[in-house]
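What follows is a single chain, given as structure tokens, in the form predicted alone.
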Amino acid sequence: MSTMDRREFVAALGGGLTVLLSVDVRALLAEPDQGRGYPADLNAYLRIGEDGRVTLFTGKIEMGQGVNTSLAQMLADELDVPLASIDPVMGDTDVCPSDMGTFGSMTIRFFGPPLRRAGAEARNALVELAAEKLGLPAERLDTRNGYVFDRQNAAVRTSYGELVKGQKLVRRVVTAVSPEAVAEHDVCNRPAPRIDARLKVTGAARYAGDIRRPGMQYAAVLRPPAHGATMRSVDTSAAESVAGARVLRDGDLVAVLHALPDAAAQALARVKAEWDIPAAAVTDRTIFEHLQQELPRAQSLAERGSVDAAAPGALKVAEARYLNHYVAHAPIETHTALAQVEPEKVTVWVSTQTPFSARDEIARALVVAPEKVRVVTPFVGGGFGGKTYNLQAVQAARLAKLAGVPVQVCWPRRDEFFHDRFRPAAVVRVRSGLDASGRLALWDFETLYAGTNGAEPIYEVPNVRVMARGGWQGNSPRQPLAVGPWRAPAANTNVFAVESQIDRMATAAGADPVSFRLAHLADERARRVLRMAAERFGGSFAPAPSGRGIGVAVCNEVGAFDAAIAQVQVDRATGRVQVQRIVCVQDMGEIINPHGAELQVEGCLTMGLGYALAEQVRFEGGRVVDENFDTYQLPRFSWVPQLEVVLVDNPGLAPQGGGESAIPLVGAVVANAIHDACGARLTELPMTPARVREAIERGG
């Protein structure tokens, strides 16, 4: 697409339908999931073209989770058009409604309601247009598959395309129209194939690295060997001698440009830079002791009863410390951007989860108004929270301005690891106890640097204190490496601690892990997913350790409830853990695309095996030791167990988050299964073979 603003883009679409509302639109959007800056003009969300095709505009992006399909399903139902007739335009800051970004499982929950209302209002306006054209009362008309027809004589009909053909029509809707009830849906709540499936499997899908512009060059960017290092000197003469290479420097930014990406990288390797590198005060081996010094101010998340008063009378009190190391995002596609700087417009094609934030970052770097910058987001090859930051886009824009030609920056894998904002290293301290009847009597929980999600227990306990210190929002001075959101931020760490400690209490009470949890769960959604998981898993459950290798975990994340039961096999000699089976039940309210939702749960469980069993970023001060997948281990196909996903039919509840709600369970359910298998209680993530073997040797 060439550079154009929203007005030009809409004009280029030709005839279409524009809906104006006399009702209080802001009141319509003032629903529980709204108030997030979405525009009151419902035309911002869709346009119906002369050919009857529908363009769906959203500031959300598609990074492999299938929201392009789910959003299209929601609009197709409200407009009464075939799913195949909808063309999503995503993450284009010139034509899409402004959006904070694609993260937190918020796309369907928060963007879905205004999109549905826009579709309902547009359908109502089309019926009014058809009533005028056909000379029939609007009450006698209905819609189906992109047509308005007479209920008494279906042969009398007109298509949406015919209604808007060759005209710039404006309809003023006086009466608010509500979206369809779930029972009326023909497209939602039914499995739908991904609308981008053919593009993906044929290789036709275009990512930021696939975009080409005339005269463009590829940039290889110099980076320091460690965070905190300062450049003492740089010699670029050898790089400049490479045929076709061009060295650019703008303050701290040094790069080599070339018409070929590999030639740019080879020329960069000839740059000789000397650096002052701070001494390594903290490493991955000392990080937890470091974090527990000079603790930040505590934030109270929950407090009821009196933990301190209950502790002396509690039986079987257990105290534990749970740890997790830094974890990388490691997306398949590294951070990539192509920037084109022209006198009146800057256009950047970028792999990002936050197009509008990227636009503003670029504008600040180039000292131009945000309106002068257009960010276009093609398909994104994975993000997991790591592509909410847009340094590569800023680098590309700065270099394009200097070079006077379009410039692409595509980080090599070692730069992806270096510039990543990791899931934070964190510590959780828990004290809990039982009363004389074997019920939970107290729960004292403090999470350090993980964040707050998942920290509050979903179980009934009379005496509770939950505190949080620090988090992933903004870099803490105690964190030696940059941190940020990682799929289900904070919840992976906190749920690991919560569900591991609950398992300790079940063992102390002499109860099996399912019945102990059910005895302390009041929320019916939580009880239902756990009961269904137990039924699907089959068999009976015994107090741990039973030697069978069965683990249980339950959580509530982004509005969804999940329960998982896993079975593992532990090699006592090597410490190797093989997860053999996981049953996961999820209640996410209304399910827009059951097929996509099931894939999301499977993806969470598979990705979770990485942080549970292997993923850990090693570092020495500001130097990131792991630079590629030869040392940083992701889950392998051979690790993937038998996965059984059950989705709860709960259409009475609005759609909840499904993109990350199952992943917090994985660390805990595997740890609990390991304990049941061999009696070893793992408290540090990842649970590598060495740590499992050490725990076995300690006698649990």
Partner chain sequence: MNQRIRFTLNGQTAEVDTDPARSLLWVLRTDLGLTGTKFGCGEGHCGACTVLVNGQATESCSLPVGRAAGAEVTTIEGLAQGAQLHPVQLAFMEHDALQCGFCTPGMILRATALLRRDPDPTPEAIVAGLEGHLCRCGTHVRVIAAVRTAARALQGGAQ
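Remember, it's a predicted structure, so these values are computed and weren't measured experimentally. Residue numbers count along the first chain shown, from 1.
The next section is about a form of this same protein that is not shown, the form predicted together with its partner chain.
In the model of the complex, residue 52 touching its partner chain (heavy atom, 4.5 Å) | Residue 52 lies outside the contact set for its partner chain.
Hey, in the model of the complex, is residue 56 touching its partner chain, heavy atoms inside 4.5 Å?
-> No, residue 56 stays farther than 4.5 Å from its partner chain in the model of the complex.
Would residue 619 sit within 4.5 Å of its partner chain in the model of the complex, counting heavy atoms only?
-> Residue 619: no, not in contact with its partner chain in the model of the complex.
Would you please decide whether residue 517 lies within 4.5 angstroms of its partner chain in the model of the complex, comparing each non-hydrogen atom pair?
-> Residue 517: no contact with its partner chain in the model of the complex.
Just one of 157-165, 593-601, 317-325, 70-78 has residues with a heavy atom within 4.5 Å of its partner chain in the model of the complex, so point it out.
-> It is 593-601 that comes within 4.5 Å of the partner.
Three residues, 435, 505 and 647; all within 4.5 Å of its partner chain in the model of the complex via heavy atoms?
-> No residue of the spot touches its partner chain in the model of the complex.
Can you pick the one in 146, 575, 179, 382 that has a heavy atom within 4.5 Å of its partner chain in the model of the complex?
-> Contact residue from the list: 382.
So which of 260, 280, 542, 625 gets a non-hydrogen atom within 4.5 Å of its partner chain in the model of the complex?
-> Of the listed residues, the single hit is 260.
Counting only heavy atoms, which residues in 410-448 are within 4.5 Å of its partner chain in the model of the complex?
-> Contacting residues: 410, 411, 412, 413.
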